[in-house]
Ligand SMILES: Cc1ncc(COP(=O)(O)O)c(C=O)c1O
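Listed next as C-alpha cells is one chain, alone, in the form predicted alone.
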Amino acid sequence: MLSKKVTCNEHGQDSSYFLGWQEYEKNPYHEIKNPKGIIQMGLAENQLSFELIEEWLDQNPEPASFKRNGDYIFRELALFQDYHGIPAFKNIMQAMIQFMEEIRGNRVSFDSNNLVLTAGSTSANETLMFCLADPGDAFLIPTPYYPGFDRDLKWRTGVEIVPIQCNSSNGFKITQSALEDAYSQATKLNLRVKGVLITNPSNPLGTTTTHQELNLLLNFIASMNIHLISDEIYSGTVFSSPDFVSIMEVLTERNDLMDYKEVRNRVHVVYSLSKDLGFPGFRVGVIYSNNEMVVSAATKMSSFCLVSSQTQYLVSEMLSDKKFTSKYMSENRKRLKQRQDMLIQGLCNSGISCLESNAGLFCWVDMRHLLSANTFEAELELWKTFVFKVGLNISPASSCHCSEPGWFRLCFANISERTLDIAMKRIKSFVASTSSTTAAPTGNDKYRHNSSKINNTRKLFTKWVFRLSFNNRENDR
C-alpha cells in the first residue's frame, strides 16, 4: 500500500557515514556527564568563530528581533512570500553576490539575476539534478566524495552516480584517463551521462581543485557536450596556499573553447553559508547559473525549498556589513589553520600521516598501516574499533567511495580544543596498544602501496559501488 520510494532502500542511510552518527547519538561524549562517550569527528561543522557572530548580533539586535529602524516588521516577515524571495532580501541580493566575489578574491564577478536561493546546498544540488537530468541518467563524481551525495543526488531524482576513480598516487587529483574510464563505464551500463559534479574545495580531501584540473574538466564537458556542477560550499575555508580558484574564474579565461557560449551555459555553481559562516541550521544556499532556462526552472522549484523570511532578513543585514564579513573571514581562516595544525600534530605523535591539504573542516587521514589486511572488510573492522572501543566517530574511505581502503576523514572544527586533545590521546593510546601497527609512511613513501593488491581491491570496490547503485533498480525490473 506504500510507494516504491518508501519501500526501497535508496536513501543511503545504511552507509557507515550515517551509522556512525547513530552510534554517536546513542552515546555522545560530554566532558562531565559522559567523559567516556563517543567524540563526534564525523561532522563537518564550523564552530570556531561563533562568538564573532554573537558579537555582531549584540551590536545589531534589530534583525534578530524582527525590527527595522526601531519598528517591528514581524507581520511583513510572517506573511506569504513567493519563490522570488521577500523584497528586503531581493534588494540586498547583491550582498550575497559581493560576499561570493570577496571569497574568490574579487577575480570573478557574478550577476544577481543568475542566482537562485535554496534551503541549503542539499536543496541546490538536488534541484540541479531535476533541472539537468532525467531518472536513469548519470552524473560522474570524482572519488572520494561526500557520502551524502548518494542521498542528495539520487534518492528523489532517480539520477545515478558513476565514480571517477582517483587515487593516492597523485594525491587523488582528477586525470583525463579517470574521466574517460568513468564515462566508458557509464556507457557500458547503458547510462546517459549528463554531467560531472565536483566539490571544490574537496570534501573529504580538504584540497582545492587545481587550475589544471579545472581546465581539464572544461575541456571534457565541452567535448562530451555535458554539464559541470561545481559545489563550492567550502570556498571560504581555504586557509593556506594555493588559493581557491572558482570554476567561474577559469571559465572567463577560456573563451578559446569551441561553442564557448554553450559551454558557459552548462557550467553551474552551488554555494551555501553552512560551512564558511557555520550556518547549516539556517539553510541558506544558492544556485548560480548562466543558463536562463535553468535559473527559471530552479526558481520555480525553489518553492519547495524556500529560505524562511526571518532568515533572509537576518542574513541580508549581516552580509551587508562588509567590515564584519571581512573581519570574520580573515579570523576564521586563521582559526581553521591553527586547528588543522593541532590535529596533524596529534596524529603525527601517533605515527599517522594525512594528505596535504589547505582547506575544509577536516583532514583525509592515512591509516592504511593500521589495517589487518588491505581490504574494505578490514577497514570496516578498524572503523568499528574506533567507534566502539576508541570512542571516535570518523568516516571511513568506503563511505566516501574511495578506491583504496584505510583512509578516514576526521573533522576538527566542530569540537573544542580540549575535546580534540582528548581525541588525539585516545588515538595515541590505541595505536600504542595495537601490536600490528607499523611505522607511518613518510616523505616519498607517503603514497606507496602494493599496486597489484590495490588494483584488485579497486575493481572489487567499483563493482560494489555499482551494485549498491543498481540494487533497487534491478528489483524494480
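Because the structure is a prediction, the values reported are computed rather than measured. Start at 1 with the first residue shown and count on from there.
Below, we refer to the form predicted in complex with the named molecule, which is not included among the displayed structures.
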In the predicted bound form, does Ser121 come within 4.5 Å of the named molecule, counting heavy atoms only?
yes
### Contact label in the predicted bound form: Thr143 to the named molecule, heavy atom within 4.5 Å
no
Does His268 make contact with the named molecule in the predicted bound form, using a 4.5 Å heavy atom cut-off?
no
Is there a non-hydrogen atom of Asp276 within 4.5 angstroms of a non-hydrogen atom of the named molecule in the predicted bound form?
-> no
With the partner omitted here, the residue among His401, Arg333, Arg283, Arg104 that in the predicted bound form has a heavy atom within 4.5 Å of the named molecule is Arg283
With the partner omitted here, the residue among Phe172, Phe149, Tyr328, Phe239 that in the predicted bound form has a heavy atom within 4.5 Å of the named molecule is Phe149
Within 4.5 Å of the named molecule in the predicted bound form by heavy atoms, the stretch out of 387-395, 196-204, 156-164, 133-141 is 196-204
Within 226-244, the residues having any heavy atom within 4.5 Å of the named molecule in the predicted bound form are Asp231, Ile233, Tyr234
